[in-house]
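Next up: just one chain, as structure tokens, the form predicted alone.
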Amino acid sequence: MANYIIIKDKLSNFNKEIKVSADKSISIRSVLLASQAVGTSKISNLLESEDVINTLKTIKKLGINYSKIRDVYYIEGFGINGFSIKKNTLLNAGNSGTLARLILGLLVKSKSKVKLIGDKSLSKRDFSRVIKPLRLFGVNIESKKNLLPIKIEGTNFLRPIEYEENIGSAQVKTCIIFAALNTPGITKIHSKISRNHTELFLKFLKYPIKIVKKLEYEKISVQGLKQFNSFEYEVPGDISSASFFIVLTLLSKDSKIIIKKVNVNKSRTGIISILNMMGANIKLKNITIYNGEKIADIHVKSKKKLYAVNCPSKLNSSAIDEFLIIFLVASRAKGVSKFKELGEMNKKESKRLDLAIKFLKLIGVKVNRFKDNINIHGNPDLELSKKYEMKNFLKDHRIFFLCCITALTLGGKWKINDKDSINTSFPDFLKTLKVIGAKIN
């Protein structure tokens, strides 16, 4: 089967109600926490993407059984440090930086050496940010140049640490929290504010974790060696997946969309704040709180006039996965949009900041770059008519999504390669586009 799609027509006006894929960050965390709970946890609406399937395969290799009955996953946990690890265990995180960094935090008491590998893309990503704190706990980790493969061997003599996490990485923060679960005493983290799904989940599980927020930082204290019981959890929709349909609607003519039951946790909704600053009118309705997470229906209408934004860097962490599609909006906005301190984009599945600039220039958008800062010169009349073939710098699911939204809103004739990349986070992406009316071959 061909691993590309063809888009030749812009999307006609639409008025639809849709659901997007389940939240990937929460799906991975729910599986890993279920593996540490006492008893059988039940997880519904789990995202069945490659990253989450690799998470399920990982806990299976570590001695945790699971089954699926209808739409519910049943995961049998044996408590904290309940893994049964065989000698020479090999774990493959595939493309998932979240899985790779989080699972290391749960292996800090492994009696046997475990080898962690990943795909070509993940093997280029920096793991020093988790290797450093784990070594402070007393864990033995082997790695060349702080890259995969990594060999980790736990210890029974873990010591609690105090650690300053100043990147704003939820993966680093969660890795330390997971290590703290296995460690006697109280581990303290002074962390730049980032996604807080792990903290909310542990509070839902009534685990002894304390969070004190101060401006752009938070102080987290985790009491180790406290068991928690199995749970039932329904994973909400993913704001990152929803973001592409938000922008699709915003840039289309005379269109409306309602995206049902999306996780709108404040640490993830930077895109909504930024787009509303640009003149969008995105509304959240039917808001509920589910086990600490804020869930809502997202209502979006197309917008004829959009304006440039001087994006506050304090929103970067809450929009880091969505800047690719935000840049597309900036390319159609009136004026020069300014974005600052975006180096973390190049630490993702691909060097997204570099590729975003390359992509924008390809479609005729003027971009100025100053290290990790960029200015995008918007053109409200931007329309495309040329032929475009996207290859070589894809293999990143979010760049594939970006190309599709660009083709459907700005025009042109597109051949977009690496269709299979959607399986990383949103396997039903193309099906959902077709429900709205997109013509995709």
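The numbering used is simple: start at 1 and walk along the sequence shown. Everything numeric here is computed off the predicted structure, so don't read it as measured data.
Keep in mind the form predicted together with shikimate-3-phosphate (S3P) is missing from the figure; the text below concerns it.
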query	finding
In the model of the complex, Ser169 touching shikimate-3-phosphate (S3P) (heavy atom, 4.5 Å)	yes
shikimate-3-phosphate (S3P) contact at Lys348 in the model of the complex, heavy atom, 4.5 Å	yes
Contact flag, Ser21 vs shikimate-3-phosphate (S3P) in the model of the complex, heavy atom cut 4.5 Å	no
shikimate-3-phosphate (S3P) contact in the model of the complex: Ile209, any heavy atom under 4.5 Å	no
Residue (of Ser230, Thr98, Asn81, Ser302) lying close to shikimate-3-phosphate (S3P) in the model of the complex, criterion heavy atoms within 4.5 Å	Thr98
Proximity to shikimate-3-phosphate (S3P) in the model of the complex, single hit among Lys124, Lys111, Arg129, Lys192 (heavy atom within 4.5 Å)	Arg129
Per-stretch contact check against shikimate-3-phosphate (S3P) in the model of the complex, the hit in 429-437, 21-29, 5-13, 415-423 (non-hydrogen atom, 4.5 angstroms)	21-29
Residues in 295-327 close to shikimate-3-phosphate (S3P) in the model of the complex, defined by a heavy atom within 4.5 Å, in order	Ile320, Asp321
